[in-house]
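We begin with a single chain expressed as structure tokens, specifically the form predicted alone.
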Amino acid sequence: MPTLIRRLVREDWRFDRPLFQLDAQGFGHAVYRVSRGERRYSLIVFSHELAPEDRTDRVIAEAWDATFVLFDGDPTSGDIERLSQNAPKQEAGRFLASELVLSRANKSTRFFGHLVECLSQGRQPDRTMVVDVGYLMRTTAVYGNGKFGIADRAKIEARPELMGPFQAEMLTVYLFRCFTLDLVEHVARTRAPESFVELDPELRRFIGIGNSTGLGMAPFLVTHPILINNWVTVRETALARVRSLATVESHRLARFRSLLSRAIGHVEEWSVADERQMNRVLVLRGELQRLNEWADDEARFLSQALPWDWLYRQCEAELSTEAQEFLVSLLLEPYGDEVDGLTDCMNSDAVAKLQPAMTLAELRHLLETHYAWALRLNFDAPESQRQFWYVSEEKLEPRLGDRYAEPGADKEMPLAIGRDIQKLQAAVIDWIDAGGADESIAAFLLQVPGFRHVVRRVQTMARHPYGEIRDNLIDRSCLPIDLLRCKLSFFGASKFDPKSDRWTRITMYQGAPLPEDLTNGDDVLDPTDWCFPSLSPQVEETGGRQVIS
């Protein structure tokens, strides 16, 4: 998300809303467009009336408050009519290569209704509710890359503005955020045009887009290991650059302290019902105060040979993983000019290829060198293989089953990398013990072709050390929520709100600049500075004294 925003600013992309045909209740359709030169992308949104009993964030839903597509170029009236018949059907619809992204969303009905009532009556919404919810609508899936007949990734992968991972999807969500803000004001205005007031710009900027993410996203980290390797490599390289600095310029330190102060407010506003995650947040609140104390001891901090590295090591030794990861983000932000260029390395067009001439002795060396973690896993206990991943027939979405209580294990997805590695290792050792150390992989796979996929993976990942999730993903103790959070964090998501160990809600683009902020040339508001948003208290003058609400 931040990568996209910086690009929109740097390249001076322009926004407009060529179509906005909604009735008084906010039902109808609209088009939001972003353009630069001859390149244009249009978000076509259909707003629907949805019965309360039909509203669900689960993937089995068949109706939503809004459905939308990112269209390549300017849609004709015929395109809009065609999509009005298909977008509301989502997976059951029919789409063309002109559609780059397909998505749907539901309202946060309580918050949406609160804003409509407040704005129509000429007053601003309750700031506590704005903080507690943070979005008007939440997406339940954002499909790209050729799914359900939309454009294949190959169509857009060479376009500079969409070359990075998930840039088309992030653009779709950003434009949809604009629609949700316009929608709530439209409904409030039509309800009471004489008393209506627009949403305060600070509140408007603070409101993001929610997202409900479930198991469907988890296997991505396993099935795209080269891409994941690149993401983590970029992160580690950026962190290493900052940690290796021997001096800290005063403006960088001031920026870090300002961000840390904002982050403390951000975490104070982060509250979830999930007990495990809330306990982490409570610990993090105290740890950020400790981090603040370390940074405030300027003499001690600047006297270190590598000040940022010292601060990182302090955090690593004494604070939780949550705090350590938070610090990484804080360290990178003041050095955008040093690390932003690395985002161009996050994409991947590499393809895993089999090396058939490699000998079995060489393959065994790769296994023992790069997959020692997998060889240490214990698959003897039944609980170590209790879960299995499969694809549901109805929605074509990944699911988790219980191997000992449910049918379907014969259709298991190949996500148990550790188990596959151990089986391959055993087969290779048998061949080597029989005198086949110098045999080629080709000869080996002619006899045991079932190992082809895992051999190819081992050969490929030997060159991509960050690409594997080093855990047993079929163990009873495996928590898919951790996989979801890993991927979502790279998107720039915040305010993780787990609803179980298999799905979570998040907030996207909270605090992000609006289109008018990107193009108005206002030097007071830096459109790229929006990480860790915190809504400042509202101060009112009452009888000569200030009241904070």
Partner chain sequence: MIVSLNEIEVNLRKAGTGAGLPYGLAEDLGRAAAWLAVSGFSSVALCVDALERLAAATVATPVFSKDEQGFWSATGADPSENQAMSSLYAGPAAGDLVCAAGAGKHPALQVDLAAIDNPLLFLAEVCALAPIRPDLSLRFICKTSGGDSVLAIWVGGEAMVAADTDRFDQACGMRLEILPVDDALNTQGLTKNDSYTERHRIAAEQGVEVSGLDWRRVQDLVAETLVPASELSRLQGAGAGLRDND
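Note that this is a predicted model, so its numbers are computed, not measured. Residue numbers count along the first chain shown, from 1.
Below: the form predicted together with its partner chain, not depicted.
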Exercise. Though only this chain appears here, would F148 touch its partner chain in the model of the complex if you measure heavy atom gaps against 4.5 Å?
Worked result: yes
Exercise. Does its partner chain come within 4.5 Å of any heavy atom of R502 in the model of the complex?
Worked result: yes
Exercise. So in the model of the complex, does any heavy atom of G286 sit within 4.5 Å of its partner chain?
Worked result: no
For this session: Look up in the model of the complex whether V130 has a non-hydrogen atom within 4.5 angstroms of its partner chain, and give yes or no.
Result: no
Exercise. Just one stretch in 119 to 127, 182 to 190, 326 to 334, 443 to 451 has heavy atoms within 4.5 Å of its partner chain in the model of the complex, so which one is it?
Worked result: 443 to 451
Exercise. In the model of the complex, do R36, A305 and C345 all put a heavy atom within 4.5 Å of its partner chain?
Worked result: no
For this session: May I ask you to choose, among H464, K107, R419, R235, the residue with a heavy atom within 4.5 Å of its partner chain in the model of the complex?
Result: K107
Exercise. Considering A254, A92, A240, V351, which brings a non-hydrogen atom within 4.5 Å of its partner chain in the model of the complex?
Worked result: V351
Exercise. Does any residue in 356 to 375 get within 4.5 Å of its partner chain in the model of the complex, counting heavy atoms only, and if so which ones?
Worked result: P356, A357
